[in-house]
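Next up: a single chain in structure tokens, the form predicted alone.
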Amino acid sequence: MVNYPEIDKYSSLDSPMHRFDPRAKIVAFIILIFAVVLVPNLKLAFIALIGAILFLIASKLPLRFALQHIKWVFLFVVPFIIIMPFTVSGTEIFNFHGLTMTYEGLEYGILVAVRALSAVILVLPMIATTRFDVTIKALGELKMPNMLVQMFMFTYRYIFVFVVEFQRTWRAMAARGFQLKTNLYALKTIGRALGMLFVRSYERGDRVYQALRARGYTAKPKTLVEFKMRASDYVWTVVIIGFAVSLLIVSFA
């Protein structure tokens, strides 16, 4: 069974984040994400993390769904926590055969990890609470370059097609006796399979482009959704941007 990476799987739920106008939501959360990644000390980073968790709770997204997406960030932040304590100079914690761990390095590694985790958590209430086609329209309303909007739309649309294609290729390999092992033969086989997938992707993309031109596609996605700011949208916008500004003011005061 194919496990589709649907970011808007729970966009039909009802919560303050789901009712939040998509345009204001994108702007407010992007400002907050930038504020979070600029936080210079660990204390404020943990405050930002708590705020991100509260916004995630307000979105009412299932915990399992959130963890499924958040877990990947640990693959990137764990190396910082491991390497930074031994590469940043500062107050020595301990020394083992010339390998020195410093307090400043450990603090900086944790800071990077917490900021990254907070940013990823904030992406979920921003994106996962709105249907993807509505998000695309909101990006267009915010005057994002149309080329980028089209790239986002088609990339997301054909992720599912390529997942099915790779699953089909993998089943064919398994039917011919292929077993995933840590040897050169397995790596070459996987490389060939990925190369074939890229070739098929290019060919499919060309066919889709020709089909769209034949149907008079105008590169302007249309939906039945109409945006309208309400009082609650202004309140949430002020709350989120106010939290972001507060973090920056305290950081650089």
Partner chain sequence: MVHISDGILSLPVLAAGWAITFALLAVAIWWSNKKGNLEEEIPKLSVMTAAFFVASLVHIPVGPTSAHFILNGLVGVILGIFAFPAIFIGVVLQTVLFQHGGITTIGVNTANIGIPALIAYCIFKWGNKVGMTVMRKELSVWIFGALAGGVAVFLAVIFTAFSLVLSNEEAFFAIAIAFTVAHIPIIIIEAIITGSIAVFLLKVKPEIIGG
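Everything quoted here is computed from the prediction, not taken from an experiment. The term rigid core refers to the maximal set of C-alpha atoms that superpose within 1.5 Å between the two forms. Positions refer to the first chain, counted from 1.
Separately, the form predicted in complex with its partner chain exists; it is not shown, and the next lines address it.
**Student:** On the criterion of a non-hydrogen atom at 4.5 angstroms or closer, are Tyr10, Phe46 and Ala58 all touching its partner chain in the model of the complex?
**Tutor:** Negative, none of the three is within 4.5 Å.
**Student:** Although its partner chain is absent from this view, report whether Ala52 comes within 4.5 Å of it in the model of the complex, heavy atoms only.
**Tutor:** Looking in the model of the complex, residue contacts with its partner chain do not include Ala52, since no heavy atom lies within 4.5 Å.
**Student:** I'd like to check something about Pro62: if you look in the model of the complex, is any of its heavy atoms closer than or equal to 4.5 Å to a heavy atom of its partner chain?
**Tutor:** It does not: once its partner chain is placed as it appears in the model of the complex, Pro62 has no heavy atom within 4.5 Å of it.
**Student:** Could you tell me if Leu38 has a non-hydrogen atom within 4.5 Å of its partner chain in the model of the complex?
**Tutor:** Taking the distances in the model of the complex, the answer for Leu38 is yes, it comes within 4.5 Å of its partner chain.
**Student:** Considering non-hydrogen atoms and a 4.5 Å limit, does its partner chain approach Phe154 in the model of the complex?
**Tutor:** Yes, contact at 4.5 Å.
**Student:** Taking heavy atoms and a 4.5 Å limit, what residues of 24-46 are near its partner chain in the model of the complex?
**Tutor:** Result: Ile30, Ile33, Phe34, Val37, Leu38.
**Student:** If I superpose the two forms on their rigid core, does the C-alpha of Thr87 end up displaced by 2 Å or more between the shown form and the other one?
**Tutor:** Comparing forms between the shown form and the other one, the Thr87 CA shifts below 2 Å.
**Student:** Using the rigid core as the reference frame, would you say Arg157 shifts its C-alpha by 2 Å or more between the shown form and the other one?
**Tutor:** Result for Arg157: yes, a 2 Å-plus shift.
**Student:** So, superposing on the core, is the move of Ile110 at the CA at least 2 angstroms between the shown form and the other one?
**Tutor:** Superposed on the core, Ile110 moves its C-alpha less than 2 Å between the shown form and the other one.
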